[in-house]
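Next up: just one chain, as structure tokens, the form predicted on its own.
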């Protein structure tokens, strides 16, 4: 048994006891009142899910196992000479709640390498799909195609105790996470680079190996590590996380659950937002004569956009009331590695111009940029100019958090999700409407 799996085995019993006590002794404690607006408003803000993996703080942004993003980037172990931590170490943190030691990280990196080879039939399947198929469709299909590999299904069919469900789920999750970078890079090279896939290099860590398979040099390895870590989780209520949890709550295996989550991520209100922002920025520059406008020109354009009833893509967030730390981390990377990039200069100017205007405009609850305001710009700089592929990379990162949650769902015996529905007439009666 690997050290990481052994560590989980030590932590799970305590969490089971905590949850049993909450259910038995405090199950009737009121957490929040449900309002009709929440029923019709996508359950926005409704406190009805649990996760210990991450928490979205309105002021500090995402906390991974209690650590802020700056703390994670500082404290997580790094490869020799690297500026961004191992993605594998971030997986360890999300699963255990502890920062990995040097011995821990060596063990996890080796475990990922041992699981990283994708079955040939997955590539064969991808090659049968029309080349104009959206890369997220390819990504989702590749994931669900590997369902035949599920260790959970085999164990369940053999009659495994429900107290042990987490163990084969762990196997499925680690097998999936280790293979996703190769699948993503294969789709990219096959679809956009004249069908020239590059084999995985098991001597490299996850981020460096992805850059190798994309055939993009340093510091794209650093960017890959950063990108996967920043996009790894976002509480349990976002669509990709919630969908993975929902499907997994039926005891569908990790392959089915993650494929469903990726289908949710592919929506324009979720994972596709990063490409929408980049397209908008480039459109603004085109209107300005394919140059970076001066500050007065940009201010006028932003005001004209708002007065026409449109929004500024990449600004605002349902929960955050400060600049998204994921934006800041990417900005710091860009300031170091691509300070003279024309599109980055535009992004920087927007950062200076937009928030004061949104404050004056008065309709935005949060005038600050979110993660999507920056992520596509850096990818474009390093030659990944195919908008549709951005969400696949987002998906590789997001899989880390949603699948870590799935292991813990099985570990603590989360029930099948089955909320109760009411009719509109019932709600009208409750509201006293005749």
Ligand code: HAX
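Positions refer to the first chain, counted from 1. Note that the structure is a prediction, hence the values are computed from the model and not measured. If you superpose the two forms and keep the largest set of C-alpha atoms that fall within 1.5 Å, you have the rigid core.
We do not show the form predicted in complex with the ligand, though everything after this point is about it.
Heavy atoms within 4.5 Å of the ligand in the model of the complex are found in one stretch of 120 to 128, 248 to 256, 95 to 103, 268 to 276, which is 268 to 276. Of the heavy atoms in residue 314, some are within 4.5 Å of the ligand in the model of the complex. Within 4.5 Å of any heavy atom of the ligand in the model of the complex lies no heavy atom of residue 35. Contact annotation for residue 290: none of its heavy atoms lies within 4.5 Å of the ligand in the model of the complex. Not displayed here, the ligand is approached by residue 358 to within 4.5 Å at the level of heavy atoms in the model of the complex. With the partner omitted from this view, the residue of 338, 349, 144, 364 that lies near the ligand in the model of the complex is 364 [heavy atom within 4.5 Å]. A heavy atom within 4.5 Å of the ligand in the model of the complex is found for one listed residue only; from 161, 310, 157, 201, this is 310. Shown without its partner, the chain has 44 as the single residue in segment 37 to 73 with a non-hydrogen atom within 4.5 angstroms of the ligand in the model of the complex. After superposition on the rigid core, the Cα of residue 251 moves by less than 2 Å between the shown form and the other one. Relative to the superposed rigid core, residue 137 undergoes a CA displacement smaller than 2 Å between the shown form and the other one. Once the rigid core is overlaid between the shown form and the other one, residue 93 does not reach a Cα shift of 2 Å, moving by less than that.
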